[in-house]
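In structure tokens, one chain follows: the form predicted alone.
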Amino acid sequence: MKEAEVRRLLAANLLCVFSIILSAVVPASFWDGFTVFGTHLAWLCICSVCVSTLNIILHLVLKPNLSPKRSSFAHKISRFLKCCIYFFMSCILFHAIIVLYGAPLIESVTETFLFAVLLSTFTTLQCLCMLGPNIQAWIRVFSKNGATSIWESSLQITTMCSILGAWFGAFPIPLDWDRPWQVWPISCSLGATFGYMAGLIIAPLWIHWNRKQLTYKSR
């Protein structure tokens, strides 16, 4: 494992963290009354767009899982359309799972769906950028000892941290504290966001710490 590759991963992850911070700070400079709590739905959209855009750009620039095979333009278009369909299906699936876990079914549909979009951005989009619309590759990566590169190890960590963060973020909602951040889905989306940011920072540090034990085999 090359130290330069770990440093590239760390730099890319820190850029993603910085983009989330900017999504909360920059709009307030030209949007009167903008706050993460007060205009939460707008922030969900802005954060999802910022993270998605940056991840796609980083993937195109760094090319962490570049395939040696050259593909035709038609194949690239087909792959892009499949990625869009997979992402939309992920949003629907996350929406359904969130409702099954207790979110309002009819009320707050917009809030729930935008939260599902945020979760898909933190999880599914990463898989699509790294692995493409290949379900078998997804299953391999998230199986035991399935990662074949530090980028896939980072994908595992950030995905799990995002989901766990969203889950832990639901704990304060039923408490009778009457806080503005207890309104659905603020605490869950903030939990997912902080979990994602924590995963981005933890992943390269964990990989660097365990670099002697990690042995990646191409599959």
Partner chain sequence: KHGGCARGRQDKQSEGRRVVFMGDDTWEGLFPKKFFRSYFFPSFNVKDLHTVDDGILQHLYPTVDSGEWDVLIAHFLGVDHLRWGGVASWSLVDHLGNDTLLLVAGDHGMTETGDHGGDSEKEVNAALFVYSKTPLFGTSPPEEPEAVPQVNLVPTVALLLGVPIPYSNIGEVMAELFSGDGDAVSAALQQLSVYHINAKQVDRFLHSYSLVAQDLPAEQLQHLQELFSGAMEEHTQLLAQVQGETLVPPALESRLGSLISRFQLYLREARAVCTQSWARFHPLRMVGGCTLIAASCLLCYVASELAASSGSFYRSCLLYPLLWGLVVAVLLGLAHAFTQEGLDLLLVLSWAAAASQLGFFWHWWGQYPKRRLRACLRLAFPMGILLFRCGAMFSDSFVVAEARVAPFLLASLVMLLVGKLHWDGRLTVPEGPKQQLLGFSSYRREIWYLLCLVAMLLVCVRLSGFFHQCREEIPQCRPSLFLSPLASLRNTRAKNLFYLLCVALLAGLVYAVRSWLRHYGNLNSSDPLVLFVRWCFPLVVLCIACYWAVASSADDSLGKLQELVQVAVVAFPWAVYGLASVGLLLLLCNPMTVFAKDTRESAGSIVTPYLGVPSSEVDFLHVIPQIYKRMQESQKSRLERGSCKATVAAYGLGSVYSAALVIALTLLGFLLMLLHSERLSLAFLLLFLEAFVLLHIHTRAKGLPFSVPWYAVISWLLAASQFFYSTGHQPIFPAIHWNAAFVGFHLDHSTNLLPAVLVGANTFASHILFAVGCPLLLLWPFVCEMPSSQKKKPKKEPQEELQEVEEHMMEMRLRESPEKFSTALLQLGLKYLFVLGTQLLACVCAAMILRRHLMVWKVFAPKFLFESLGFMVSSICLLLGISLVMRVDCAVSTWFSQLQLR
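Numbering follows the first chain given and starts at 1. Worth saying up front: this structure is predicted, and the values here are computed from it rather than measured.
Here the subject shifts to the form predicted in complex with its partner chain, a form of this protein not shown in this document.
For the residues I77, I92, I85, L105, the 4.5 Å heavy atom test against its partner chain in the predicted bound form is passed only by L105. For the options L190, L58, A170, V36, the one in contact with its partner chain in the predicted bound form, meaning a heavy atom within 4.5 Å, is A170. Comment: 140-148 is the region of 140-148, 77-85, 112-120, 125-133 lying near its partner chain in the predicted bound form, near meaning a non-hydrogen atom within 4.5 Å. Taking the partner from elsewhere, S48 is found to have every heavy atom lying beyond 4.5 Å of its partner chain in the predicted bound form. Among heavy atoms of Q156, some come within 4.5 Å of its partner chain in the predicted bound form. A residue is said to contact a partner when one of its heavy atoms sits within 4.5 Å of a partner heavy atom; D178 meets this definition for its partner chain in the predicted bound form. Contact check for A28: no non-hydrogen atom falls within 4.5 Å of its partner chain in the predicted bound form.
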